[in-house]
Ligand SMILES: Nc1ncnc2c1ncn2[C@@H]1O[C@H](COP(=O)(O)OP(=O)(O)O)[C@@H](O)[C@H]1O
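Encoded as structure tokens, the following chain is the form predicted alone, with no partner shown.
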């Protein structure tokens, strides 16, 4: 089956998309990655998304406009990738869209909203489109996150001989933990890049949006008093499964902890980088992980990765690339996998990881030009195997 997976993450800077060929043999999914593209949002679109996110106040008409504009942008990327990788013959597109709000109250997820109208993708590609992939898990009592736990468990094994963790360092950090004689567990740890990006954008007046190569953090010194104030947030002590987002970890949250203190940019970035490393290390150690596979934009920040290794001296840390999928393509690949399973009526969530009452078939399906051929399987897969990458789309 020819499938495209798409997402714009919590950094809302680009559309990540992959094209894969999937087959299901017995209970193993085999995936062949044919293309991966990262297409930046236009400056206008990125600016408008930023003004939509909490704690900003918006209007329903702006939500409607952005739902359309983001949907059209995703549709252009999907159509281009379909032409380049499948000669226009794509069966399924699964679009996560852009998260604009994740409603959590008293430790429970009550709703989640991703925008980017999928009908534009269906019109542009003719494919069956799977969207709104988080809401079903929330309706089943889960957090709708981290959905990456599906792919993590299939790659790492549900019950490996040692305790393994799959760490994602996006705007928010999350982890999946698997091990012998235990159910898999997953949860959002806290801010990975979210506060660092917010600080850079604020202090540079929008000229910069992230700390390139962690250079600013590398020059600075950690402010222990400020770090302790951040670490005192009750979210970190809450039990898993749990989820969070930029509804909590945003610029106003950052400013509220500074309390009129004058702090050099480099020192602030060093402190925020250390916050990410410490909270991740605490989660890894609390769950006894001895082998960690990382992915996400944070892996391209050498200062952060060095801090993680310093905080986790007894843990082997490598990239998820070891399993055959480039770390930069992991999230989009996850949604391609979810779309593949959804059109077959197979479960795409792991209840012990999201906190749901049961696993569920995910997403809302927009019919394409033709029915998707069933593979006549009624059992969810237990393994995911990546064949060798053949080429990149450009």
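The shown structure was predicted, so the numbers you read here are calculated from the model rather than taken from an experiment. Positions refer to the first chain, counted from 1.
The same protein has a further form, the form predicted together with the ligand, not shown here; the description that follows concerns it.
**Q** In the predicted bound form, does residue 23 come within 4.5 Å of the ligand, counting heavy atoms only?
**A** Judged by the heavy-atom cut-off of 4.5 Å, residue 23 is well away from the ligand in the predicted bound form.
**Q** Even though the partner isn't displayed, in the predicted bound form is residue 210 close enough to the ligand, meaning a heavy atom within 4.5 Å?
**A** Result yes; residue 210 sits at the interface with the ligand in the predicted bound form.
**Q** Check whether residue 382 has any heavy atom within 4.5 Å of a heavy atom of the ligand in the predicted bound form, and answer yes or no.
**A** No, no contact at 4.5 Å.
**Q** Hey, in the predicted bound form, is residue 296 touching the ligand, heavy atoms inside 4.5 Å?
**A** It does: once the ligand is placed as it appears in the predicted bound form, residue 296 has a heavy atom within 4.5 Å of it.
**Q** Tell me, please, which stretch of 102-110, 169-177, 119-127, 224-232 lies within 4.5 angstroms of the ligand in the predicted bound form when heavy atoms are compared?
**A** Single hit among the candidates: 169-177.
**Q** Going by heavy atom distances of 4.5 angstroms or less, which of 287, 255, 300, 182 would be at the interface with the ligand in the predicted bound form?
**A** By the 4.5 Å criterion, the partner-contacting residue is 300.
**Q** Which pick from 244, 193, 131, 216 sits with a heavy atom within 4.5 Å of the ligand in the predicted bound form?
**A** Contact with the ligand in the predicted bound form is made by 193 alone.
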